[in-house]
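Only one chain is shown below, in C-alpha cells, and it's the form predicted alone.
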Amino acid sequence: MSNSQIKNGILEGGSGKQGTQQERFEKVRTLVRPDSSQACVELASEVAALIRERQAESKNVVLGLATGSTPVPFYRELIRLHKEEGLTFSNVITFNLDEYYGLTRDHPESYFRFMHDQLFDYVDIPAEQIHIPDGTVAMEDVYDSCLEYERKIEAAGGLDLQILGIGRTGHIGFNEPGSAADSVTRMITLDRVTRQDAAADFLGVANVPRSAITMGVGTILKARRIVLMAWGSNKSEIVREAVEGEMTDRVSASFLQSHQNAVFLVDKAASSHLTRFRFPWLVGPVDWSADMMSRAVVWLSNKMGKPILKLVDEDYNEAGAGELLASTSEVAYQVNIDAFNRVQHTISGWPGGKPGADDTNRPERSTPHPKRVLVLSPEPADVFIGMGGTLDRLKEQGHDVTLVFQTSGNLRVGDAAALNFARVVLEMGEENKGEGWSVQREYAESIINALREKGEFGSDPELVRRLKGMILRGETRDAGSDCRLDADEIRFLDLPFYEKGRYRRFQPANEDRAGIAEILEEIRPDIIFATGDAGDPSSNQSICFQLFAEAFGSESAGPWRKNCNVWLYRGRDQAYEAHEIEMAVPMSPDQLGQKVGAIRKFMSTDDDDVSSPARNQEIASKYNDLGLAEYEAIEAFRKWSC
C-alpha cells in the first residue's frame, strides 16, 4: 500500500508506539473509534485499497484472518464492498489463525464452517487460496501438519496483514497464557476461561473441545502489519493490560508491543480502562467538571487506601492530582466533602423514587407513584444476575412492574434438560397406558429421536428449541416469584432473530425492532431498566440493546418517551466502577440470598453466573472503603442518555 493511501490510517506504518502526551502509557499504537461499525468500515476500506493496489501490480495480498464475534462486522463490510462496489478477492490468499481440534469441517462451531458462513461463501475468493488449520488430522500427524501450515505461509510470501481479536486471558489466536514469543503453529490445550467463554456456542462447557491448532505468537509477529480489534467493556481490562502492561507470556497480546507495525483498533467501551480515559489527569490537563472531580477523588481514595474525608493536600500532590486543588483554589477538605456528597447521593433504597420525598439529590424522581416500570432482559437469567434485588425492591414499593424477556434463551439450555423432560413424559405415558397419553408419548419420543439424530453438537430442530424455551420459561417464572413477580407480570417476546440464529451469527431485522416498539407503546413506561449497551456488538445482549435503542429513539415513539428515564444495569457484562455509578441500590443479606436463589433456578447457569452476586458485595465493599455506610451488597446503575 502506498504511503499516500495509508497516511493517518489504521494501517499506517511507524514505530508502533503512541506519540502524544495523553498516550504516553501506551506501548503500542492504539486507535479508538466511537463504535465497532465505524472502526470496521475504516479498516475494510483500507484493506480494499491494499487489495486493489496489489491487483494493479498483478500481485497477491496475503491476509491472516481471525474467527469469533469480534471480526464479524469487519467481514460483513468486506462482503458489502464486494457486492456493492465490485471489490474482487481473486488475488487474495488467506490463512486462518486457528481451529478446534476434533471437529469436522461441517460442524456448526468449526472455524472452517464459521469462515464460510461469515465471509468466504459471499465473496469470489478461489477455494484453493483459502487455508484453515486442519482439526481432523490424526494425532500422530499433527506436528507435520502444523509444520506444513508454516511452510505454506512462507511460500505465499508471508502475511501482509494479520487480523486479530483478543480473549479474556489476553490470548491471540489460541495462544493461551504461557505461549512463548517465538512459538509456531502447534496444538495447544485450551484454558478454562477460554472454554467457559465458548460454552454457550457449544451448549455447555462440557461440549467445548479441550484442544486446538493455532498459529504461534512468533508466526503472528512475522506479519508485516497487524491489527488487533476489541469491542465492548468486557475487553477493556485486558486491552489495558496488553497495551500498557509489561510484555509477558501470561498475556500473549502484549507481545504486539515489540512489533513495528501493530495497532490496537478498539471502540469506546473497550478503551475505557486505558489511562488516558480512565485517569486523564495523569497524562495532561483536564476540564475539572464536577463528574471529573468526583472520579479523581474516588481514584485517589482507592490509591491512598483512605476514606474520602481523610484525604489531605499532600495525598493529592504525591499522587499526581495536585492540579485538581490548584484549579479549584480549595483545600482538600472542601473538595473531599463535595465528592463524598456526590457519591453518597447515588445510594438509594428507592430505585423507583421515594413518594413525597425531596428528590433534589436522589437518583430517581419521586413522581408519579406508583410508576409503570419496564425491565428488559436479553435472556432470562440476565436480569436476575444484574438486578434481582432491585426487582424485589420495585415490587415491594408498589410499582407496576413488567418484566420482558427479549429472547427465549433456548440456546443456553443443554440437551440433558430436554432429554430429562422427554424421558419423564415417556415414563408417565408408560405408566398410564390407555388413559389418553398416546399423544404425550409420541411427543416425548419425537424429542428423544430428534436429539439422537442431531448428535452431540448439531443444531437443534425447531421442535427441540421450542421445548428448551418452555423449560426456560418455567425456570424464569420460578425465579421471578423469588423477586415477588407474578406470572402475569412476566412477558416473553421470543424475538425472531434469536430463534432463527446461533450465537455470533445473529441477523436482527425490522420484525425484531417492531416487537420491541410494540411492547414499549403498550406499556408506555415511566422507567425502563435495560442492559447490553457496552457488550460485544455481535452478542445477544448488545443486539437486544440496540434494538431497544432504535425503537425508543424512533420518531414513531409516543410522547411518553420524554418523561421516561432509562437506567442501565450490567448482567453478564463487566461491573461498573465506583465513579461510574449513578444509582446504587443496597441489599440486605436476606435480599442477596434471595437473589442467589433466583439465579439458581436456572439449570443453564454456569459458575460465573452463580458467583455473580459476589460482584454486588465487591461494590458494597468499595463504597465502604470510600467511607460510606457498610452494606451487604449493592446493585449499580447508570442513567442512559439516548
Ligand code: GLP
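We number the residues from 1 along the sequence you see. Because the structure is a prediction, the values reported are computed rather than measured.
Omitted here: the form predicted in complex with this ligand. The next part is about that form.
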Open item on the list: I need the one stretch from 299-307, 162-170, 391-399, 540-548 whose residues put non-hydrogen atoms within 4.5 angstroms of this ligand in the predicted bound form.
Closed with: 162-170
Task: Any non-hydrogen atom of residue 248 within 4.5 angstroms of this ligand in the predicted bound form - done: no
Open item on the list: Using a 4.5 angstroms cut-off on non-hydrogen atoms, would residue 591 count as touching this ligand in the predicted bound form?
Closed with: no
Task: Any non-hydrogen atom of residue 77 within 4.5 angstroms of this ligand in the predicted bound form - done: no
TODO: Answer for residue 194 alone: is it within 4.5 Å of this ligand in the predicted bound form, judged on heavy atom distances?
DONE: yes
Task: Non-hydrogen atom within 4.5 angstroms of this ligand in the predicted bound form for each of 384, 412 and 529 - done: no
Open item on the list: Quick check on this chain: which one of 69, 604, 30, 612 has a heavy atom within 4.5 Å of this ligand in the predicted bound form?
Closed with: 69
Open item on the list: Considering non-hydrogen atoms and a 4.5 Å limit, which listed residue (364, 98, 533, 475) is close to this ligand in the predicted bound form?
Closed with: 98
Task: Within 4.5 Å of this ligand in the predicted bound form: residues from 496-519 (heavy atom criterion) - done: 504
